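Below you'll find only one chain, the form predicted on its own, shown as C-alpha cells.
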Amino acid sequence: MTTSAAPALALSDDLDELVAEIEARFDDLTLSRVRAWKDAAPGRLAVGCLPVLAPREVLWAAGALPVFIRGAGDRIDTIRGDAFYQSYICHLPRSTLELGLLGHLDVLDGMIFPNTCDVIRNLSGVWQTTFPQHFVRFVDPPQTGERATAAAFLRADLDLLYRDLCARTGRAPEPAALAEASEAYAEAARAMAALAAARLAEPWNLPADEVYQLRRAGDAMPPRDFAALVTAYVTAARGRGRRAEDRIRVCLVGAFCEQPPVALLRAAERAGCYVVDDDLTLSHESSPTAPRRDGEPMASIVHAALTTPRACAVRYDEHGAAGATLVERVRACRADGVLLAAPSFCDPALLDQPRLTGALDAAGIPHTSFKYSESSGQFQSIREQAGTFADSVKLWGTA
C-alpha cells in the first residue's frame, strides 16, 4: 500500500453540504473519522501533533496519519486538565489533557511535541507519564542560523523518527515512500495556495470562519482528501455571488498556537473587517515544490522545513526580520491594517509584539491588539474594539 492513493472522499458540489461537512469535521472532538481511517486498513497509525511544527511527510510516509491537536476551544469544560497546571500559563495544555483524560484521544497511537515554548516542552513529559501507552517524541527544531549544522541536526532527528515509526507500522523506511508523501502534501499545499488567493480576491465570498474551519478539517485528513475538499469548497464558495461590503481588509497575527474560538473570528468580521490573512494554522503551510527523486527526499523535506515557513515567534529568526516580513505580507495582501491577537499568557506571541508593532508603526500601517483564551465565551469588547479600529481606518486611515 502506498501513501499516495487517490482521494477516497466523496464530495458534493453544493456549498451548504460542503460547509456542513467542514463543520462536522471541525466539531469531531472524539476523532471518529480518524478511527474510521485506521479501521479501513490494518497497520495504520494515527499520531497527534501539537502546533506549530510537525514533520507531516515523515509521519505519512511511515503509514501514520498526522493529527493536529489544538485543544478543545470553548466546546468542553476543562476541569481535570486544570489540576495539572498553574493558573498563569496558556489554556492549550489544559484542554489537551482534558481531551486525553476524557478518552477523546484514545484513537491516537502517539504524540509529537515540538519545542515551541516551555509549556509545550513540559506537556510532553506530563503526557508521557499520564498516557504511557502512547509513543511520545519531543522534536527540537534547530536554533542556529548556520544552515549546514541546522540541516544535519534536523535530518538526524527526522531519520530516527522515520525509522521508529516504520518499525511500528511494519514498513521499510524507504526514500520512495518519503517522495510519495512529499508529493501528496505538495498537492495539499497547492490547494491551500488556491484557497489563499481566492480569499484575497473575494473575502466576502470566503468568510474567515468557514476558511478557518476548512483548514482545521485538514488537521485530521489524508493530504489528498484534504486537497480535494479545499478545491471543492473554493469552487463552490466563489460562485455564491455575495456583494462586497464596506469593510477594511486586515491580517490577523499572533494566534499560531492556542486557537481563538470561531465566534471571535465572526465577531471581528461582523465589526467591519475582512480577515484576508492569518497565522492560525501555520502547521498546514509548506512548500509546493516537488521533492527530489535522487534518493534524497529527506534532504528536500529538511530544506523546506528550514527555508519556507513564514516568520513566527516560535521559529528561529536569524536576522531579526519578522517585522519587515510582516510589513511585506500586509502589503502583498493589500490589507488596511493588522489585528494582533495573542492568547493570554502566551510568552512567545506577547514578547514578539513590540518588534512587530515597531515595524508596523515605521511603515505607517494601522494596528490594534487584544488577548483571548480558547475558552472565551464573550466577545463584545473585542467586537467593539475591532469596530472602532475599522471605523478609524476608514475615516482617517489610521488607528
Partner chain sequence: MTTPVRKEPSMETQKALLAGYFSRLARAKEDKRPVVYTFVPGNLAELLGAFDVAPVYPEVNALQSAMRQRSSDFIREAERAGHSEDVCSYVKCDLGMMMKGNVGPTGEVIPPPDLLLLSFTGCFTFMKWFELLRDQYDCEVAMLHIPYQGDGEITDEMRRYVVDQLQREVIPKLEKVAGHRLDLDRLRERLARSRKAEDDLAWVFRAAQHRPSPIDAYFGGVYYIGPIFTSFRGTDEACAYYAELRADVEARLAAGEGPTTPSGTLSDQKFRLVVEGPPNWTSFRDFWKIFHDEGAVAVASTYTQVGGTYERGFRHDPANPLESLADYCLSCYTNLSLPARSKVLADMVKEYDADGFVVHSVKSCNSFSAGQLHMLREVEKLTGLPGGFIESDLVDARYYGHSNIKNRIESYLQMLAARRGASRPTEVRA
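Numbering follows the first chain given and starts at 1. Bear in mind that the values here come from a model prediction, so they are computed numbers and not experimental data.
The protein also exists as the form predicted together with its partner chain; that form is not presented, and the subsequent description refers to it.
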property	result
Listed residue that, although its partner chain is not shown, lies within 4.5 Å of it in the predicted bound form (heavy atoms), from Ala263, Ile89, Leu158, Ile76	Ile89
Of Val275, Leu105, Cys117, Leu206, the one that lies within 4.5 Å of its partner chain in the predicted bound form (heavy atoms)	Cys117
Gly170: touches its partner chain in the predicted bound form, heavy atom cutoff 4.5 angstroms	no
Contact test in the predicted bound form: Arg137 vs its partner chain, heavy atoms, 4.5 Å	yes
4.5 angstroms heavy atom contact with its partner chain in the predicted bound form for Arg35	no
Lys371 within 4.5 Å of its partner chain in the predicted bound form, heavy atoms	yes
Its partner chain in the predicted bound form: contacting segment from 41 to 49, 22 to 30, 360 to 368, 342 to 350, heavy atom within 4.5 Å	342 to 350
Contacts with its partner chain in the predicted bound form - residues in 70 to 86 whose heavy atoms fall within 4.5 Å	Ala83, Phe84, Tyr85, Gln86
